[in-house]
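The chain below stands alone, shown as structure tokens; this is the form predicted alone.
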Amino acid sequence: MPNSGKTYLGVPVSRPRAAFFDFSSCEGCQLQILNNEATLLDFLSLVQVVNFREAMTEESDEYDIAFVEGSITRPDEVERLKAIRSRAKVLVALGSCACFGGVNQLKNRFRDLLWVNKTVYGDAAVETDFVRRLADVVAVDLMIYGCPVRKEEVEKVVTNVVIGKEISYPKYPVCMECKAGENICLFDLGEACLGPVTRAGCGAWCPGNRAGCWGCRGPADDANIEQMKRLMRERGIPEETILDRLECFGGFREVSETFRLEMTKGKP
């Protein structure tokens, strides 16, 4: 890896080769990185970007870090992801689709892919499969959560990788950041919110804009799902609404599947 010309505690740090790839996604996480004009040059000084379809025409298969956005929905994506993994020393799952399957994984609820394909595409059928997160196919070294990712968090993770510093994520829920921002609790407004059980680190983006959390960062450590459901029920929020939130991004997959079985138990 080439030297970056920068030092950490007086020790020169390398400038690893980085590549960005996308699978089934909206590509919004990659746009987040490019949109951070104020610190983009500093970010680029830490890594040598050798492959980034949204930002450059040059391509190289020689890279140290692979940032991968999107979920896996087709057989050819499986083979492509495995090839990327074989070349990368570090593979980073970028965003909710890569980490959990994202919004794409909602189609997995229908079980019947032929019906899904026919309903969505009609006679113009496309090759499709059940949605999988990256870790279902290859080994993932790091995850950067969110839909979309937070630019500042990406830069922090990259900086820590370059200098060899341990990477840690908040263990507390979004509610902590929401309270710190002195936001009005959306529960008090009768709105659904997964803030009590979702991993923090987003700065309470959605609740700060009067929109309930949808859990795009996945569960916080020791998330008390039952208590969260009780709080929502006490405020008259329908169970279907709670389930919609838990199912949306895939981070609460096991919890939502259990909850759906509880809701449908005894129903024809």
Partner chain sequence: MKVNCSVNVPRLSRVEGHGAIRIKIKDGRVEHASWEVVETPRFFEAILSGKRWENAPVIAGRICGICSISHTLASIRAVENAFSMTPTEQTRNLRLLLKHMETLQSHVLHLYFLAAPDFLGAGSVFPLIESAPEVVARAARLKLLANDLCDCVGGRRLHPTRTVVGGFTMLPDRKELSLFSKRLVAATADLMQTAELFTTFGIPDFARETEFVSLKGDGAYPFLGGSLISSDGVEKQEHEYAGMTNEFTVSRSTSKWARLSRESYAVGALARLNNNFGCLHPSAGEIASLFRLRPVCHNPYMNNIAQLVECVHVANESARIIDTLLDTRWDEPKQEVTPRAGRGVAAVEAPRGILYHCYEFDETGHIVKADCVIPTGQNHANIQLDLEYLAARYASEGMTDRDISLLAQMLVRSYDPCISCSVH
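Residue numbers count along the first chain shown, from 1. The structure presented is a predicted model; accordingly, all values stated were derived computationally and were not measured.
This protein has a second form, the form predicted together with its partner chain, left out of what is shown; the following refers to that one.
This chain is drawn without its partner chain; in the model of the complex, the residue among Lys89, Arg80, Lys156, Lys179 with a heavy atom within 4.5 Å of it is Arg80.
This chain lacks the partner; the member of Glu58, Glu62, Glu234, Asp221 within 4.5 angstroms of its partner chain in the model of the complex by a non-hydrogen atom is Glu58. Looking at Thr128, you'd find a heavy atom of it within 4.5 angstroms of its partner chain in the model of the complex. Using a 4.5 angstroms limit between non-hydrogen atoms, Glu27 touches its partner chain in the model of the complex.
Although the partner is absent here, Glu191 lies within 4.5 Å of its partner chain in the model of the complex, judged by heavy atoms.
Its partner chain is not shown here, but in the model of the complex it comes within 4.5 Å of a heavy atom of Cys248. Annotated contact segment (heavy atom within 4.5 Å of its partner chain in the model of the complex): 147 to 155, selected among 167 to 175, 134 to 142, 81 to 89, 147 to 155. Contact here is defined as any heavy atom lying within 4.5 Å of its partner chain in the model of the complex, and by that definition each of Val103, Asn117 and Arg260 is a contact residue. Of all the residues from 204 to 237, those having a non-hydrogen atom no more than 4.5 Å from its partner chain in the model of the complex are Trp205, Cys206, Gly208, Asn209, Arg210, Ala211, Trp214.
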